[in-house]
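In structure tokens, one chain follows: the form predicted alone.
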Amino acid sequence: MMAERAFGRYFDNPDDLFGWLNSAVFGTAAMDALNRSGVTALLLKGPATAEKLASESGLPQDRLRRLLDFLVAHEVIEGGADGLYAPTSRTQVMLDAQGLFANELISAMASSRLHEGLRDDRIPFEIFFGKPVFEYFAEQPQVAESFGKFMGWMTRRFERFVHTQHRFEPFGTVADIGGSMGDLLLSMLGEYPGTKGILFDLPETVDMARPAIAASPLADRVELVGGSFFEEVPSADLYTLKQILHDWHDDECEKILSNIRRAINPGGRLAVMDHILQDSPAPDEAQGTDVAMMVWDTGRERKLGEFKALFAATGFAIGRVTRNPSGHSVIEALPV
């Protein structure tokens, strides 16, 4: 399975190399444009002509037809001789992954400054956008919202794995630290009846999450808390950190973990949900995301031994590890 993921195989044939990369770059842009304009949602209501989709979305008909034909060619939607375009099961996936496509376009822009960042020892994201990522998000709420959708999509990829492969009972209160829009927290509360949850993130992020939490049937079990995990975190029995530690360098991670160690209830546990780099390089998500973190911020993906060192420095020890071959693994740590 790992060999099939190695993009180096495209280098064996120049035509394959061009086809793969060209389709990935422009396919991402095409799907993002159709998601943002509402065309994907319109298609999911039923077959329609390019003329109708153009009229309802406000896009120019000729160029819209060309984008639709591109997605027909790549089997994301269907198109017939009658001039109708129709959704497939993949069309729904395309809409569900709207945060992914938006995030990949931002990543591509920031990545265009990778060489400059390496040469000048600077963060590529900051070079392109003019400020650190979370400061940029604070000033660009629409971008922050798209990133929150991407985090939610990543959580949905992960939910089945964590709920079936790494059980957490018993616990009374779970605090999702840096919990974004609350997708993971709501999923945890739904999986473990009778528990309560705390969504902890920056105040502006908590405000964005508030409407979705309020609309959830689990809202009465959720407490929303705004703050900085570099300063303090609320007390809980179980802490979840999904895609948090990989955002930061070791000193920053130690601050986060130390604050959790001070606040954790007796008998509590910490669940870090992050990629784990294999001891030898492998063409998996962890290896690719490690480069992404180099582009976005000061963070990195880590090997299990590196997580162990972070925990040892902050009063934790690894209890159990559940590796995920297709994404985020779970490292459960206990206070010592």
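So that there is no doubt, residue numbering starts at 1 and follows the sequence shown. These numbers come from a predicted model, not from an experiment.
There is also a form predicted in complex with a small molecule; it is not shown, and the following applies to it.
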Query - The single option of 143, 244, 86, 100 touching the small molecule in the predicted complex, heavy atom within 4.5 Å - result: 244
Query raised in the report: What is the one choice in 79, 227, 190, 132 with a heavy atom within 4.5 Å of the small molecule in the predicted complex?
Result: 227
Report task. State yes or no: in the predicted complex, is some non-hydrogen atom of residue 91 no more than 4.5 angstroms from a non-hydrogen atom of the small molecule? Result -> no
Query - Touches the small molecule in the predicted complex: residue 125 (any heavy atom, 4.5 Å) - result: no
Requested in this report: Answer with yes or no whether residue 234 is in contact with the small molecule in the predicted complex, where contact means some heavy atom within 4.5 Å.
Outcome: no
**Report entry** Contact test in the predicted complex: residue 202 vs the small molecule, heavy atoms, 4.5 Å
**Finding:** yes
Report summary line: Testing 209-217, 146-154, 106-114, 159-167 against the small molecule in the predicted complex with a 4.5 Å heavy atom criterion leaves exactly one stretch, namely 146-154
